[in-house]
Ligand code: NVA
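Only one chain is given next, in structure tokens, and it is the form predicted on its own.
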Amino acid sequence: MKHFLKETDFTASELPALFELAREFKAKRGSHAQPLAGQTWAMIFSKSSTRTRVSFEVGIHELGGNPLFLNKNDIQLGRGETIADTARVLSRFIHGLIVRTYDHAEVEQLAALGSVPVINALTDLLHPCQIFADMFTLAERWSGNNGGDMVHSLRGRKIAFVGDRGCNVANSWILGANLFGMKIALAGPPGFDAAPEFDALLAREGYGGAYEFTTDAYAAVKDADVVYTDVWVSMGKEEETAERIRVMSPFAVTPELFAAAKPDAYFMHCLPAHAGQEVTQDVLDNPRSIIFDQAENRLHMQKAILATLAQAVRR
């Protein structure tokens, strides 16, 4: 049974076919195959969402399946039923499970104890669906959308992540950049290092120490092909809002910082963005800002992931 809990659940050799499938789904939207026909995929969300929920619901529907949205507080999991029992019961009803939650251990337990594919739609540790969609967005531009060459076009490119070094998107970019053969440099204030849990994961995947971290945003952005940022206050960190804004303000992506990257560099943000905090409105509106292409490609890449995992699902 194949799951998608972290970027490296797909091997490097599987990536070209996955990207080609996403490209095909995008090009043939409305007229492609429906590999989820007759299947129901449940979605357990403990965190609010716009792009993730809508793209998965639409994607499952367009692949011929039935999306079943389950708010954690509306099922027995929210009243104390164990993850083990939830996984075993749902596996009797559904064909796959998509989970958006806080604790990464929850998605790991659901995958280990159930008998259907599980997709990580975001945890506090990782956000792999976002990074695969981002990689696809970049590969479209750098490869000319030439099928199997898409993944190869990413190799050797440099991404600079500026801001909250310890957030799930930064973690996933480190893991993803190493899987795809990219270089990554991160910049942020002291004290926002990776959680020990993430460093342990990197070591297990053979990528220990495979990134640069600096407190100098301009040093990180130098020679970058991509400048990326995320919100400074992630869900669950609201009580730290004032302090996070104070210490991270020197790491805002301004036109001056963006100009320090390569002349043809792209700006990316997983959204929602807070203009005037982690990024200025000028940068969001820059012609080389591809934030809405990223958002659209969540749909196409997630459909490719769903279709690939559905191959092993019982009918």
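We number the residues from 1 along the sequence you see. Keep in mind that what you see is a predicted model, and the values were worked out from it rather than measured.
The same protein has a further form, the form predicted in complex with this ligand, not shown here; the description that follows concerns it.
Segments offered: 119 to 127, 151 to 159, 176 to 184, 199 to 207. Contacting this ligand in the predicted complex at heavy atom distances within 4.5 Å is 119 to 127. For the chain shown alone, residue 234 is a contact residue for this ligand in the predicted complex, at least one non-hydrogen atom being within 4.5 angstroms. Residue 271 belongs to the set of residues with a heavy atom inside 4.5 Å of this ligand in the predicted complex. Looking at residue 169, you'd find a heavy atom of it within 4.5 angstroms of this ligand in the predicted complex.
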